[in-house]
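Quick setup: the structure tokens below cover two forms of a single protein chain, split into structure 1 and structure 2.
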Structure 1
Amino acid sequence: MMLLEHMGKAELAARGLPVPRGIVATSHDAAYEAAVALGGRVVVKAQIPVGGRGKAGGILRVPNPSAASMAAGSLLYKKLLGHQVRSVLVEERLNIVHELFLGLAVEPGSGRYLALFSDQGGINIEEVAAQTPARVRRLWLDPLQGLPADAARQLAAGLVEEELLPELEKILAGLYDAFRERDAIIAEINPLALLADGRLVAADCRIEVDDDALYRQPQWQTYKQSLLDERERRAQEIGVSYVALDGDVGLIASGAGLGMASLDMLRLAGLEPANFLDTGGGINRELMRRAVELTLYPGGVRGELVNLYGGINPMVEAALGIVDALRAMPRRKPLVVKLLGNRQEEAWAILEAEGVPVVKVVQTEEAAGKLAELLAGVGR
């Protein structure tokens, strides 16, 4: 889950990092007032949880409060990069002479954090990293050890003026604290702006927070909810993950990898998935009933493949939940179950007694083919 820019900056400011003066506004009137308070010349920035805003027209520089109000009006409640803009950040304009990049990320291979620094910050940082890797310094940090005292020097010495290093050290320390304390996977300041008066300011900030850590970051649970659409919210309630796709066939799988392989198999069988629900390892009868409800009931869905292994999941409970969901449907749609693992024979019997076609072999392609056959029989 990515924090909005102003939320990330609040984390930085709370740790003493320099951020621009700014005010969050949710109406054009509020944007006007904010611009007045900030001296008139401001930048109005759409608050959406995704990168690439600037290039998509989500950052507008304006000369006065009236223009700020119009800019806010043109951004608010519009869709930008797939996200509805619900607020804008109105900020003082900065007199930037140079843009730096400072980032921290989890590096899965080594089990360490990776700190990144470049003197070529800004929106083209990825191209800089690809074309001139030497301009992006890397420093691996041991999570068990903490931040070394000379980390900023190791990252930046030779790339920036010597007198900036003490300030950079403070900024890195604050970013590091925010990264750890807030369960961030990525925390980056880009650009870290060098101003004409010699100050360093975090002009933009992106913090990606680990969804699995939200139980200990309760301050963001409401925000997380606001990012979900209706189906995703229902999926979250029952503890599964749900992805909407463009086709007309439902898919439930007990695991993301199996689900992705099932998507491939459905496509090979000429079917286009409408959704993909990963049950994870917490199946019970009610979860399964609601999972089928979520994926098979919607109007545009013609049929469904359920692909399960137990594993950790109880197959008999799963079968009972599927039957519950089907019995509650006024007009049943074709549904094929492939299910193997613990108490599989009992589970098969429950499904077959209800007339559900069961595939009892390990080849998912057979199940996908069976569903395609049934759907062809029903007609489009």
Structure 2
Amino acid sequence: MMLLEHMGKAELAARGLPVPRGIVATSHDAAYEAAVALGGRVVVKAQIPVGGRGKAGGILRVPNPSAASMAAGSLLYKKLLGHQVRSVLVEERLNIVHELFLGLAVEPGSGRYLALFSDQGGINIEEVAAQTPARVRRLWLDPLQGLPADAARQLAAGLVEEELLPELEKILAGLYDAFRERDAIIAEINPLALLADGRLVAADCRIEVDDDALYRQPQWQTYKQSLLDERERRAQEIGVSYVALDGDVGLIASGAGLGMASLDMLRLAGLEPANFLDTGGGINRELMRRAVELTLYPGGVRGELVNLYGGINPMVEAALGIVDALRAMPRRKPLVVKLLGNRQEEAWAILEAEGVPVVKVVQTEEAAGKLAELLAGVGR
């Protein structure tokens, strides 16, 4: 889960790190008042949980409060990079003479920490890393040993002026504390701005928290819920995993691996998935009914593949739940079920009695192909 910029900066400020003065606004009037309070010349930044806002037009520099109001109005409640902008950060303009990059990340394989520094920060940091890798310093850290006292010097010596190293050391230490204490998997300051007066200021901040550690961060539970759309919240209530996609074919599978393979098979059959729901190992009749409603009922979905394996999951209960959902639909859409496992023959009989096409072989491509046949005459 990625924090909004102003939330990340609050974590830095709480540890004594320098951040710009800023005010969060949720209306154009509030943005006007914030700009007045900050001296007029400000930056208006869309607050969304994703990077790349600058290139997408989500960061606007304005000369006065009226322009700040207009900028906020152009961003608020619009879609940007797939997210609705619900708030903007109105921030003082900085007199930046150079942009640096400082970050920490967890390596998934080993669990080690990786500290990174570059003397070329900003929106093109990925290009810097690819084209001039020598300008990106890396330092591996042992989580059990903590941050070495000379970590900043190891990262930045020779890339920045010597007099900046003591301040950089303080900033790295504060970022490291936030990274550890908030169970982050990524914490970046980009850009870390060098100002004309010689100060270093965190002009932007990205902190991504480990979803599996959120139980230790209860202060962000409300924020986490706000990131979910209606269907994701319903999936959470049901107790299943749900991912929205861009196509028009629903998919339910009993397991992430089976689901990923099913996504591939659907695409090979010329179909584009609209969503993916993983039932996990807790299937019952009611769960299955609600899962079908969640994935098949939306207006843009033309049909669905249900791909289940009953090791611990009861297939008869699954079949009954599918039938319940179909009977409640005002207009049926094509649905194909591939179902194997415990009491599979009984489950097949229940589905076939309802007129549901059942695939009884192991190969998922058979089920995807069957669904493609059924959808061939159904308009998009």
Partner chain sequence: MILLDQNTRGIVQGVTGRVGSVQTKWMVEYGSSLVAGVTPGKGGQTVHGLPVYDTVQETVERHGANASVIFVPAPAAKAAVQMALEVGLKLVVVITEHVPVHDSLAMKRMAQEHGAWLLGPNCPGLLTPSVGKLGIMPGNLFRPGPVGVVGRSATLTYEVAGNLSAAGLGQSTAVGVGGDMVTGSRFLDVLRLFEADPQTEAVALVGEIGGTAEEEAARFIKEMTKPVVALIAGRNAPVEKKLGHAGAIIRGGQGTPQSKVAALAAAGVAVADSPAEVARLVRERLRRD
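Everything numeric in this text was worked out from a predicted model, so none of it was measured. Only the largest set of C-alpha atoms that superpose within 1.5 Å between the two forms is called the rigid core. For residue numbers, the reference is structure 1: its sequence is counted from 1.
Student: Please match the form predicted alone to structure 1 or structure 2.
Tutor: The chain shown second - structure 2 - is the form that fits the description.
Student: Treating the chain as rigid parts that move against each other between structures 1 and 2, which of Asp229, Arg327, Ala196, Glu163 sits at a hinge?
Tutor: From Asp229, Arg327, Ala196, Glu163, the hinge pick is Asp229.
Student: Based on C-alpha superposition, what is the hinge rotation angle of the smaller rigid part between structures 1 and 2, rounded to whole degrees?
Tutor: From C-alpha superpositions, the smaller part turns by 20 degrees.
Student: Superpose the two forms on the rigid core and tell me the Cα shift of Glu317 between structures 1 and 2 in angstrom.
Tutor: Spelling it out: core superposed, C-alpha of Glu317 shifted, distance 7.6 Å.
Student: Fit the two forms on their core, then tell me the C-alpha shift of Gln344 between structures 1 and 2 in angstrom.
Tutor: Displacement of the C-alpha, rigid core superposed: 8.4 Å.
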